[in-house]
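Have a look below at one chain only, the form predicted alone, in structure tokens format.
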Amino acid sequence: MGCLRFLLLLMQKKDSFESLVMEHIRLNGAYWGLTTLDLLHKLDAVDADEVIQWIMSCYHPESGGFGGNVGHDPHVLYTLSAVQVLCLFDRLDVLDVDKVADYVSGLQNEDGSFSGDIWGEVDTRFSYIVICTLALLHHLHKINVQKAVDYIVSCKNLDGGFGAMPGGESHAGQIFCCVGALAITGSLHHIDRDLLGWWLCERQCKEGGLNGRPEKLADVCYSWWVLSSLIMIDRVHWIDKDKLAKFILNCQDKENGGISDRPDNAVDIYHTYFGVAGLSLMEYPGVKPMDPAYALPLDVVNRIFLRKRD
């Protein structure tokens, strides 16, 4: 695939339009790009020390959180991306792990939900982010896990899906966050697997791609959000993987590399990552396997948790 060429060029073009519009979420972009490189067996194409130095320049030692770029305020969204990138390079040793764990765990609210930062926005995305971050750092004990699980379960809908908050519309992205958090905490028994599996498999459109909600267009990013959730609840055989893989591959820019949201649209790093991640979940040749809950290459996740057992 031309994805490697696209990613390497994007990293070199610091003043490009893509770089400028991603200024505030640069750390997320680093996670998307670097994870894609690792899935393609090309993480050694970047200077690890340079990346880690930049990651740590986004750190706020007074709070323990990371901002989306140098000088930006800390938020759990960017803190997880920082932890995930450091996991890729096996360099969690550069972190004050207790400080980072205290930052994210301190954002748990009385009802078990989590705020994204000091300003208090609540969303089930943040539940997943905090749980995933703490699990990767082996500090899940710092939150009230039962309350966190109870809050997520309260966001379950009659269609089997989950929303951003209790009563919120079911959405594939939110479903991944809730299913992923329940998987990490060993709480998947709260899910009606057949009901949710049916809702998720209904996201496959006639052209093979997946959408995030009923009546929406297919979008490559849902190749990850939907497929990972189906894998975690053992219902991935309910969709046509061949048609989905063909849809993703049809969204490539065959001249310049990269993947777009749907065929013939402009490519970007976000959809390139989610397209390759989707192919990984379908065991596409040449792409490393990925863990559906932690959103990291499987060998990275195994290294983190096997080492803890040793």
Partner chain sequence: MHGRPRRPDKPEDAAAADAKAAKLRDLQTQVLRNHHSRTYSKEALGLSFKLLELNPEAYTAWNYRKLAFQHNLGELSELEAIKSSIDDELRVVELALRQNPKSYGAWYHRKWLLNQKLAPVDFKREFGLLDKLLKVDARNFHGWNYRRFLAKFMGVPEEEELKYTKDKISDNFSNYSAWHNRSILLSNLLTQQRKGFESKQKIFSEEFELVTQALFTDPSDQSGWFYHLWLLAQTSSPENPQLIASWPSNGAKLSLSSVREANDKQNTPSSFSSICCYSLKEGILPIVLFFNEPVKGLTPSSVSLNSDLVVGKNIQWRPLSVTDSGHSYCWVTYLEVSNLEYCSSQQFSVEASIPNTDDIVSRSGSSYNCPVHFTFTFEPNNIDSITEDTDLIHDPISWDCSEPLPSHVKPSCIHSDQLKITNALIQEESKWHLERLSDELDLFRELPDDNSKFAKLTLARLLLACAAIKSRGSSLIERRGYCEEALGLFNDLIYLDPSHKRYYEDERSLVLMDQLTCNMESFMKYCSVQVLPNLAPLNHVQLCRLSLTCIGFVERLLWVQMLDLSHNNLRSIEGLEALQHLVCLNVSNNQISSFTALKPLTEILSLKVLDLSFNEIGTHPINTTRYICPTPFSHKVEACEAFEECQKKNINVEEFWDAILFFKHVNLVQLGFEGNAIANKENFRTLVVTLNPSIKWLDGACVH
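Note that the structure is predicted; figures quoted are calculated from it, not measured. Residue numbers count along the first chain shown, from 1.
The same protein has a further form, the form predicted in complex with the partner chain, not shown here; the description that follows concerns it.
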Worksheet item: Would Leu92 count as touching the partner chain in the model of the complex under a 4.5 Å heavy atom rule?
Response: no
Worksheet entry | 4.5 Å heavy atom contact, Ala135 to the partner chain in the model of the complex | yes
Item to complete: Answer with yes or no whether Ser113 is in contact with the partner chain in the model of the complex, where contact means some heavy atom within 4.5 Å.
Response: no
Discussion item. So, Ala45 and the partner chain: in the model of the complex, are they within 4.5 Å at any heavy atom pair?
Written reply: no
Worksheet entry | Among the candidates Ile129, Ile239, Leu107, Val83, the residue which, in the model of the complex, approaches the partner chain to within 4.5 Å (heavy atoms) | Ile239
Worksheet item: Along 193-221, which positions have a non-hydrogen atom within 4.5 Å of the partner chain in the model of the complex?
Response: Arg193, Leu195, Trp198, Trp199, Cys201, Glu202, Arg203, Gln204, Arg213, Pro214, Glu215, Lys216, Asp219, Cys221
